[in-house]
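What follows is one chain in structure tokens, specifically the form predicted alone.
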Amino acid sequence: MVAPAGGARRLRQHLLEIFQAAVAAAEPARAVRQHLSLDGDALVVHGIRDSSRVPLLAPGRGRILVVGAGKGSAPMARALEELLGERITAGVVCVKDGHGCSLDRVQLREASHPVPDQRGVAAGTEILELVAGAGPGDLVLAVLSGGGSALLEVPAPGVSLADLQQLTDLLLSCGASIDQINTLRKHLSRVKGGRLGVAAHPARVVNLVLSDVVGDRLDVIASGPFSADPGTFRDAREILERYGLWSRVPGAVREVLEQGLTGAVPETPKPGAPELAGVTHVVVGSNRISLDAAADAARERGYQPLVLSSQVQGEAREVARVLAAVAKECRCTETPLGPPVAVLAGGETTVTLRGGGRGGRNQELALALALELEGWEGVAGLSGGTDGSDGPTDAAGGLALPDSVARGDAAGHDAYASLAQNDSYHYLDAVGDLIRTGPTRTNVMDIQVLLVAAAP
């Protein structure tokens, strides 16, 4: 093995190449193709304990409906079209603006993310009406990926879109985790938390999922429209109280939750619900799969891969501190591995807003990482969202090189002040350390890469 050089340019190149390999491994159409095949008149579903055969009825004896939502749902639907062709009767998928692709038999809708808009509600209504009309001879093929929670919505009775928009803004800025956010969403929706699956009953459902949540929890991904929900109205209220939001959310939200607590509004379907017995779930892509691809790419470039976890959570700047400590330990004591090493991690961090700046969780992590690695020659890092979109910006994330802070100082930018104001976007843009990939049409959460090069 030839040890890679530690020059900043070389480190930057290797970081980006390893990240790109991770994103490529989560390409949605490829993920679907790897898990579905045709065998005569049967659809073979791979990736569960035993490959499952789902009979495809002859034309006129049953319908095949394709529905879905998420940043990667359009290429997933395209893969189904390539596999099934004219067998598909109808379909609707909703993607984030700019994440679409050419579809023939499935209708493409675009909407806002991460805060839902009226277009997402209209698409959700179309999908709900389509599956609600399915019968026992029909097959519903669902394609879900990250972003589906915002892109597939039909508010619960008594709750307006404006109420959900205000609630989403509050939850995104308080540091709540995605499963906590989705617990609220599921209890204020007619399609989330298994309710779309109930609407599709008694049709058969194959739910193809590109996971964007820690632990690949089916009830959390896209707020689990076809999955039983273990959460309760009480859980939803406790989350709001924990973050001091109960008195700040719209009155209609409080009213629905209180009605749920008294039983006046039915709970979401729970594990064992008979209406969901006909649903087959398949995780076709995940953060772990992307980390394995990143490890292969690192190995090809001369680094020993050290995969820490695909389930990283917590405040972005605190996670940066821990990752930097691991990299420094590799450099200083060669524990658990000596250079050249690629420290790899994935998951989804959070940011508690303290200032009025602009950025996203990956950019904040990268800026915090740059401060931790300042002056550490041959040690550099990256944090990026596999969907190509980090917060309300045009960036996927950012780089942290040994001289990032020095370059900022020379240009008159204060890294510490920028971090305090949650203004990572403008800082990283000014020093040339933003990562811009454009929409990748996939989403398996975030990837962190730290490279510890061999000493010169």
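One rule holds for the numbers: they count along the sequence shown, beginning at 1. Not measured: the values here are computed from a predicted model.
Although it is not shown, the form predicted together with a further copy of the same chain is what the next lines describe.
Taking 4.5 angstroms as the heavy atom distance cut-off, pick the stretch from 328-336, 110-118, 252-260, 377-385 that is near a further copy of the same chain in the predicted bound form. Selected range: 328-336.
So which of L353, A273, V322, C101 gets a non-hydrogen atom within 4.5 Å of a further copy of the same chain in the predicted bound form? Here the answer is residue option V322.
Quick check on this chain: which one of G133, G314, G302, P230 has a heavy atom within 4.5 Å of a further copy of the same chain in the predicted bound form? Only one listed residue qualifies here, and that residue is G314.
With a 4.5 Å heavy atom cut-off, would you call E318 a contact of a further copy of the same chain in the predicted bound form? Close contact exists here: in the predicted bound form, E318 approaches a further copy of the same chain to within 4.5 Å, heavy atoms only.
Contact test in the predicted bound form: T268 vs a further copy of the same chain, heavy atoms, 4.5 Å: Close contact is absent here: in the predicted bound form, T268 is far from a further copy of the same chain, nothing within 4.5 Å, heavy atoms only.
Does a further copy of the same chain get within 4.5 angstroms of any non-hydrogen atom of L308 in the predicted bound form? Yes, L308 lies within 4.5 Å of a further copy of the same chain in the predicted bound form.
R105: touches a further copy of the same chain in the predicted bound form, heavy atom cutoff 4.5 angstroms: Contact check for R105: no, nothing within 4.5 Å of a further copy of the same chain in the predicted bound form.
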